[in-house]
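Below sits a lone chain in structure tokens, taken as the form predicted alone.
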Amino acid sequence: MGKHRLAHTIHRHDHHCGWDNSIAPTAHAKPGETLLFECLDAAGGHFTGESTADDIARMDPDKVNPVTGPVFVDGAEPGDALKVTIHEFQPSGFGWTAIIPGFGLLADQFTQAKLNLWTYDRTTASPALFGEYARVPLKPFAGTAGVALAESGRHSVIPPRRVGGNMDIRDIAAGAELYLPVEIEGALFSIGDTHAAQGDGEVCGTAIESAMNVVLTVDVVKGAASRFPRFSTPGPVTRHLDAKGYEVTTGIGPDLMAASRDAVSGMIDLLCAQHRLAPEEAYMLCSVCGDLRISEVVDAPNWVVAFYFPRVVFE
């Protein structure tokens, strides 16, 4: 734990799978207090080291993407910002990546279930081995972090929302400061969906999904709510991938989604040709370590989307 003195531990059994402001808080925290959250992976522990692709169809959709919490933060009121400073992740050493039929950017092209299981060193966070040919640099982060909506009722945890939630931004990692707009008294903060690594875009729909503990500090900034979440990082965000440069494919056209699909499809074709991967393997690798970027949105009528794949993965 180092220098961080914990005020509370929020245990993994205190979780929920939908945003609802009527859920009773599991703990109350004062501004400035540091908490440890025990976070489940996106499948809630469904997969083990013995799992196969057949187990994908057995996932319970009502238990997908559990988040630990919620925590009532004293003094947080509508119009405030909840500041969440992420200190560290304590990884489990086990993870999974899946192609889930009907889900992902290229769901129409990849219709068969595929599962890759990962093991990695939980203490050094050294790159995780993918088959015999690739090593993926790790950067743990929480895919889902948010507060309760003002609207009553249960809201799905799958889509991201104006109060945060399933944003899947890999740079909300250790050292980041996340600001969430508060809509109800106490904010009711929850976090989960922890990942060992992910590329920008999470194109196949899953990253290296991995249970881990998260240590963070909550604070309240009065009257500072923004329309949507914002965050700051403590330094460079791609240093773990930059060492050997990138291969880049593009998609160009008037539709950003179509251009995104073209850019990713182009990279899958390139990886298959260069490294003799199966298309399903290339698709999953793109999801866990490749970055989808909007490169140009001003030269109408066509926009440019680029997909960056780090060459260090194959070194």
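Note that residue numbering follows the sequence shown and begins at 1. In this text the structure is predicted, and so the values were computed from the model without any measurement.
In what follows, reference is made to the form predicted in complex with another copy of the chain, a form of this protein that is not presented.
Put simply, V298 is close to another copy of the chain in the predicted complex: some heavy atom of it is within 4.5 Å. Within this chain, I10 is remote from the site of another copy of the chain in the predicted complex, having no heavy atom within 4.5 Å. With a 4.5 Å cutoff on heavy atoms, R161 counts as touching another copy of the chain in the predicted complex. The closest non-hydrogen atom of M59 lies beyond 4.5 Å of another copy of the chain in the predicted complex.
Residue heavy atoms within 4.5 Å of another copy of the chain in the predicted complex occur in exactly one stretch of 146-154, 99-107, 70-78, 122-130, and that stretch is 99-107. T250 is the sole member of S51, T34, T26, T250 with a non-hydrogen atom lying within 4.5 angstroms of another copy of the chain in the predicted complex. Along 195-220, residues Q198, G199, D200, G201, E202, V203, G205 each place a heavy atom within 4.5 Å of another copy of the chain in the predicted complex.
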